[in-house]
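Taking the form predicted on its own, here's one chain by itself in structure tokens.
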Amino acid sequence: MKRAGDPAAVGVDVQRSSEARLQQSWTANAGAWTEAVREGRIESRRLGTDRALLEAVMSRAPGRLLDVGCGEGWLARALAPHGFEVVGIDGSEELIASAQELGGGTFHVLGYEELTSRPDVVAGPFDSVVCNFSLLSESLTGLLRALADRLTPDGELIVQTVHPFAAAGDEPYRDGWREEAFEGFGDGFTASMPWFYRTMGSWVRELRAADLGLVDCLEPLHPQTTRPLSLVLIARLAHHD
């Protein structure tokens, strides 16, 4: 049994508190996030992260795609003209309502826990599963396994996240909780957001634990500084030939 004051117990408490604040942040900031995305306020997206994701997705033939943490639905709207059938899920009712207003896909209010625990919900199979800056929690193995189970035999999981080297900043290069204040994203963000920073090795281990094998790694660069804007990981089922 873990006792109060034990490092393990403290770690569990930090994780629970951070996960709760992470969810609360998306609820508080849903309207501001929708405006920031639709008005093009986020510099890294304008400079290349949106384009990098679209190129990774459209390198495959159009098919069924699951957008995990779809937010206000921009990806579905971008892919619909190219023949993709997009299903978007998000735990925020307000973000899903915004996505449904503009269309482009089918959208459901669905949290990651329910997606993980109920294989009958959004069952698939999907040719692609996309997580665009939406894997922010400490514990990912269960979710990644659930997503892998929804892939077709030759399907791909595409994860875009912050680049571990660029995002490390002055802090130690090791896994741990960080804080996002949404500076430069415009007005309306009322709550900061905890998110879990991962090293490159940590991402590879998470994929391996979910029986996924890394098949490609893309690093879109800032056009002026040439520093990485993000990291795009493309994985397939480990038994894929």
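Predicted, not measured: the structure shown is a model, and the values here were computed from it. The first residue of the shown sequence is 1; numbering continues from there.
Keep in mind that the form predicted in complex with a further copy of the same chain is not shown, yet the notes after this line are about it.
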Task: in the predicted complex, Asp187 touching a further copy of the same chain (heavy atom, 4.5 Å) - done: no
- [ ] Would you check, heavy atoms only and a 4.5 Å threshold, whether Val14 touches a further copy of the same chain in the predicted complex?
- [x] no
Open item on the list: Since only the chain is shown here, I'm wondering whether Gly169 would be in contact with a further copy of the same chain in the predicted complex (any heavy atom pair within 4.5 Å).
Closed with: yes
Open item on the list: Does any part of Asp216 reach within 4.5 Å of a further copy of the same chain in the predicted complex? Heavy atoms only, please.
Closed with: yes
Open item on the list: Looking at heavy atoms inside 4.5 Å, which stretch does a further copy of the same chain contact in the predicted complex, given the options 171-179, 58-66, 23-31, 43-51?
Closed with: 171-179
- [ ] Counting non-hydrogen atoms within 4.5 angstroms of a further copy of the same chain in the predicted complex, say which of Gly91, Pro164, Gly124, Gly104 makes the cut.
- [x] Pro164
